[in-house]
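Take a look at this single chain, the form predicted on its own, given in structure tokens.
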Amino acid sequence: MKKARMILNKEFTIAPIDPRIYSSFIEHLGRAVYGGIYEPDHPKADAQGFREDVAQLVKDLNVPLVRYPGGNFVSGFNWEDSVGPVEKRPHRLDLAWFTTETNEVGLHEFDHWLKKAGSEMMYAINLGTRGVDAARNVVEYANHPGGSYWSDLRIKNGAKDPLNIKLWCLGNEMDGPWQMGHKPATEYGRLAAEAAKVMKWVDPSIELVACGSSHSEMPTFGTWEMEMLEECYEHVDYVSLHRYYGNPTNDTPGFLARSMDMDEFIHTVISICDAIKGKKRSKKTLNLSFDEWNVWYHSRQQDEEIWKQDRWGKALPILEDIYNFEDALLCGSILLSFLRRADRVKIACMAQLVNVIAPIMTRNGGGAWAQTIYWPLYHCSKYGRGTSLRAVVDTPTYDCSDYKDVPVVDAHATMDEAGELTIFAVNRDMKEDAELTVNLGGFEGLSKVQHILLHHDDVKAINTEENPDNVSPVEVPAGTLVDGKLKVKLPAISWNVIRMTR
């Protein structure tokens, strides 16, 4: 059995954990909305057409924010299409995903669903084909109390009280040539600054996210952030990061190491933000919004076939990755990356939430179930609240094709408001268990130990409607806690949640 060691002290902390790092994303894409959260003919639909079984799975995740309505979709979206009488809303060609958008579910309907799911909205505006005027108008519509054209139109449309959307994305992936209205960094930065300025004039309480790089392998990564922030640094509150991972070569050890890329991505963007802060002699510190992240590669070939057969169809079953056990392990390590930088990563959205590269799957007219990746997000959202601790971890390492010195045990710890402790740990070793010894300082009074385990002998195991619990957490015998020292066994290839309570 391999040996690993962790040192924790109650007084050695990183930062309070912003619960918004456990957020998610719904785009008007595939079956995320139509056939996902919304299916009026389903036996479990509410009076507004939203599936109550799906809403319950979301509510159980305790997702603080849901980013909406895109994504690539938003760069060609006219927000005005999504309000007013449903029967008068236009059907539009969505050039992002080659489908037809009916606008049956719009801003008011989504706000209704969020209340049912216990979440709030993170709204993305169109800075691709639209600009400053539409940006100020949608803030006025959503957040102004009344007495103006757009706020009175909201009231006329059935919402007397403001929607109070407090977090706004200034476009989406504007560095990407695939994006409608793609712009060079300086042009985007100037547009973002002007949009931000008027949006905050309408509602000074809102927070704004500027588009960073779509991923760390973009040829413009780094220079995009530098040039964009030169223009808008003082007007925005966060810089976005997006990253997806895959395992097309079936290299599980290399795949599980890819959270190291996430660590480096975060570190680099923080460094760039601080460099611009220094250059501008600003007193303002920008934080990060990792508003798209996940595993995404399983469905790509299937999607091409669907588009060939039904281009411009409605709610096509695209981007429906079926996640396996190893995907859940990587998602767990990515969440630990966010916790390790809780001082700067304040928002993170697993993309997406239902059906489209999502932790929750549905069948039209049928059931809803949790995919494997649901469980690390569920555990971190439930137990990883409070304060991120400065953990020192000594673990064996391994080398793989793309990374050197990969920690066999990837672990971090959090402390809640009651002073109770949670350790999250991934054992990346495919064959060998690991014994984790934790030296505890200042945690007197914690005596109860609980160990929740997510494990399957087959790294390719999946959950299905017929077998939804194939990969699901179980409680196992806890480790020993003697004289401030915890010893616990982490089974080979596993996700572990160790709770110490009074």
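Please read all numbers here as calculations on a predicted model, not as lab measurements. In this text, residue numbers run from 1 along the sequence as written.
Another form exists, predicted in complex with a small molecule; not displayed. Remarks below refer to it.
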{"query": "Distance check, Thr99 to the small molecule in the model of the complex, heavy atom within 4.5 Å", "finding": "no"}
{"query": "Distance check, Tyr244 to the small molecule in the model of the complex, heavy atom within 4.5 Å", "finding": "yes"}
{"query": "Partner contact for Ile357 in the model of the complex: the small molecule, 4.5 angstroms, heavy atom", "finding": "yes"}
{"query": "Contact test in the model of the complex: Val54 vs the small molecule, heavy atoms, 4.5 Å", "finding": "no"}
{"query": "Partner-facing stretch of 22-30, 462-470, 40-48, 55-63, counted where any non-hydrogen atom is within 4.5 angstroms of the small molecule in the model of the complex", "finding": "22-30"}
{"query": "Joint contact, Asn72, Glu173 and Leu319 to the small molecule in the model of the complex, by non-hydrogen atom at 4.5 Å", "finding": "yes"}
{"query": "Answer option from Ser388, Ser240, Gln352, Asn427, heavy atom within 4.5 Å of the small molecule in the model of the complex", "finding": "Gln352"}
{"query": "Contact assignment for the small molecule in the model of the complex, among Trp296, Trp369, Phe265, Phe110, heavy atom within 4.5 Å", "finding": "Trp296"}
